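Shown here is one chain on its own, the form predicted alone, set out as structure tokens.
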Amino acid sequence: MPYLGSEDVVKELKKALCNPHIQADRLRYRNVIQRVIRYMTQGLDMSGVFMEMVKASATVDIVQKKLVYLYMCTYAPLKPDLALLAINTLCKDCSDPNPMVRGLALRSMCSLRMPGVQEYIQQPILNGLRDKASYVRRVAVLGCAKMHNLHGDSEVDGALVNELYSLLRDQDPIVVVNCLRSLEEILKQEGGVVINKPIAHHLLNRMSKLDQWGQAEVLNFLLRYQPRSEEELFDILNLLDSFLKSSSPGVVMGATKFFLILAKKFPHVQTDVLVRVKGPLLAACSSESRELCFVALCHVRQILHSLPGHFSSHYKKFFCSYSEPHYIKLQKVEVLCELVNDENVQQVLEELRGYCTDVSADFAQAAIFAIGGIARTYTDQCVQILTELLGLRQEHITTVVVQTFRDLVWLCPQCTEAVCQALPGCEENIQDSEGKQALIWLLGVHGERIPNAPYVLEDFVENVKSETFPAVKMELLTALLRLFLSRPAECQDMLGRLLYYCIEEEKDMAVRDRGLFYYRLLLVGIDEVKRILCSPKSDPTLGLLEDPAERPVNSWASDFNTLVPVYGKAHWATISKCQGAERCGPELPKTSSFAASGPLIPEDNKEREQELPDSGALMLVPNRQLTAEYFEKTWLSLKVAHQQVLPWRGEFHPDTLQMALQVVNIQTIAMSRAGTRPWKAYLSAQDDTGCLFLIELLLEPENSEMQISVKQNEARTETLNSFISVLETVIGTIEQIKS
């Protein structure tokens, strides 16, 4: 919907563009065109000057042509009939003596996302593929992929594919890389571009002439070629050896992945490659680019899964800087934990100790957990540091230290005595659920070594009614019953009170059931209680908490230089699956009523909303903006499927309603200004099955009611009812907010 005042702006600009005096002054004419572009980028609807802008493209000024072509590519889907008039100018420019003009015209023509443009761009693209200027060939090669996307699911043009394969031997290196990208897009359904021996050897020989982006791209494509012999394999590796020292991190990572995958049968070669890329990775970890630093740290952690001590001599490179963002600090702390050895343990622990008092509570807690992880190997030093941290009497620090102690006494029983001596007094500084559970567990399991354990638990029992976390109450039940077995005289009375409260007054069913279970267990006898609660401590599942075994390089080589180290394998698989579902969503049905006027939805909107398995509910597809012309034709050809009247009182704000409708993927085609009587709006929406809804809203303030008329391209009563329910909810919510 146009912004307020845009009509006056459009009239002013149209008058200026038609002024012969301004047209005669090239600089003034260009300034007016720049104003049109500026208003367009600010969100104003500048489609009203389309014809004047088309006329402005007939100029020898390249800057002016660029501005006009940018405008045309933006508004061509909204003005497809008028945009066809600009095709003649573009076709003429494709034969211009200036290669910059030819390339600019061809690129703009391929970017016109409107019906029927394919037949006009096919011949200019073929001519561009044979053009003498390399810039024009670059544009034409990418235009082949755009033309294929415009055709949709049509068959692949074999002649065009052969032409692109032949251009892989072009003298211009950028043309070669663009050919690979276009072939990959065009042959996506067939598995992508095929890399055979001649193509692979040709690309290898051209690698030195490519720019850094091209080298990274070609290295990725070369992974599809499998050398026929061991001799050929090592010849290829020797040829690419210099790229492991490239100044571009992307090229280094691509070359590393190439070496790791091709040398999968030669572990010593893989190890040597990882040693050689240690320097570039460390440099990336210290990069000013935070994104590059984070990705490099993720890959360092991946390498450490196979080579645990690979970066141990450079552990200081992973010390955190005060100005670094939180997510990089967390990655560095994780890396430091994996680099600890006998030589650097003292320095690493001192560094982590400093992080424990950081102003960021989350980072401080992460550092304490890291010390707890190191404590599995270097118990005494870590327990001493953790004990000193308890003396700070900081709530967030005490909570995490107690949780770390709980895990530590489970995995390292030899430190139990030191932990029990450090616990008295810390209960005063614990307020959150996790910390309380950890402390209560320690008091229950090792309460016989802690003199004041029954009295600490008694405080929890007295405040059990005000406790908001059921998990704490359940942990308190178990701990008190365990302590009762070793210190019955001190715990008998409070255990009875706690059981009575949990059985008679507690509302949480899980806590009540556990209280009943323990009460009935006590009725059976103390021996049965000991048999169940004091079972052997050697739990076979403890193996899950121990350090995992070293993973071979081949287990993650294919994930190197991808987003898997960043997201994690399981998470990235889920993301990839969702993206695939969006790309392969349902197409708009091509019914006979739509065929006469062309496709209802512009071709550039290719994304589909992810299909959910439980698709019983209505799911509206986002970004389905219809053109006004198509909406009008379709609206006139359909009958009203539903009509109703909703009450409306007070003022009305169209912008608020439009924003609310966009949230539920209902798009606005046209809307009256605020204060217009009667006020009208035309809306559209489409569900994931292709069912199209066209809506008219009519508000008459005098009658205090809003009339809703809905038309549907397919007669589906259940879907229509669901859509009406969504629309009523949005309008009702806006009415409530207003009132």
Partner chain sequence: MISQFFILSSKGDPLIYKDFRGDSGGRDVAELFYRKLTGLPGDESPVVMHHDGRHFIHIRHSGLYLVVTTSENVSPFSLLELLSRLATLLGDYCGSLGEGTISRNVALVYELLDEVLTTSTEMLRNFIQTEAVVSKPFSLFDLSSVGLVSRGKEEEMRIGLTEEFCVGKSELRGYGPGIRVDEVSFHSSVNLDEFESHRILRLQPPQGELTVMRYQLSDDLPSPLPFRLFPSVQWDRGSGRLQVYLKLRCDLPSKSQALNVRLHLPLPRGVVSLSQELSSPEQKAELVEGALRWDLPRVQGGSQLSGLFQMDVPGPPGPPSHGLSTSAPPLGLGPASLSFELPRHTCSGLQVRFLRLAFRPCGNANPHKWVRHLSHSDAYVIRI
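Here the structure is a predicted model, which is why all the values come from computation and not from measurement. Residue numbers count along the first chain shown, from 1. We call the rigid core whatever largest set of C-alpha positions still superposes within 1.5 Å between the two forms.
Here the subject shifts to the form predicted in complex with the partner chain, a form of this protein not shown in this document.
Enquirer: Might H305 be said to contact the partner chain in the model of the complex, defining contact as any heavy atom within 4.5 Å?
Expert: Looking in the model of the complex, residue contacts with the partner chain do not include H305, since no heavy atom lies within 4.5 Å.
Enquirer: Just to confirm, Y501 within 4.5 Å of the partner chain in the model of the complex by heavy atoms?
Expert: No.
Enquirer: How about V710 - does it come within 4.5 Å of the partner chain in the model of the complex, if we only consider non-hydrogen atoms?
Expert: Answer no; every heavy atom of V710 is more than 4.5 Å from the partner chain in the model of the complex.
Enquirer: Is there a heavy atom of K55 no more than 4.5 Å from a heavy atom of the partner chain in the model of the complex?
Expert: Looking in the model of the complex, residue contacts with the partner chain do not include K55, since no heavy atom lies within 4.5 Å.
Enquirer: With the partner removed from view, which of 629 to 637, 82 to 90, 482 to 490, 386 to 394 is the stretch that lies within 4.5 Å of the partner chain in the model of the complex, judged by heavy atom distances?
Expert: Only one stretch qualifies here: 386 to 394.
Enquirer: Give a yes or no on whether each residue among R301, Y455 and R551 has a heavy atom within 4.5 Å of the partner chain in the model of the complex.
Expert: Verified in the model of the complex; spot residues all out of contact, no.
Enquirer: Within 4.5 Å, heavy atoms only, which of K473, R514, K436, R107 is in contact with the partner chain in the model of the complex?
Expert: Of the listed residues, the single hit is R107.
Enquirer: With the partner chain left out of view, choose which of C691, M51, L698, L70 has a non-hydrogen atom within 4.5 angstroms of it in the model of the complex.
Expert: Going through each option in turn, the one that passes is L70.
Enquirer: For 290 to 324: residues with a non-hydrogen atom within 4.5 angstroms of the partner chain in the model of the complex?
Expert: Counting only heavy atoms within 4.5 Å of the partner chain in the model of the complex, the contacting residues of 290 to 324 are E291, L292, F294, V295, A296, H299, K316, K317, F319, S321, Y322.
Enquirer: Once the core is superposed between this form and the one not shown, does D45 show a C-alpha displacement of at least 2 Å?
Expert: D45: C-alpha displaced by 2 Å or more between this form and the one not shown.
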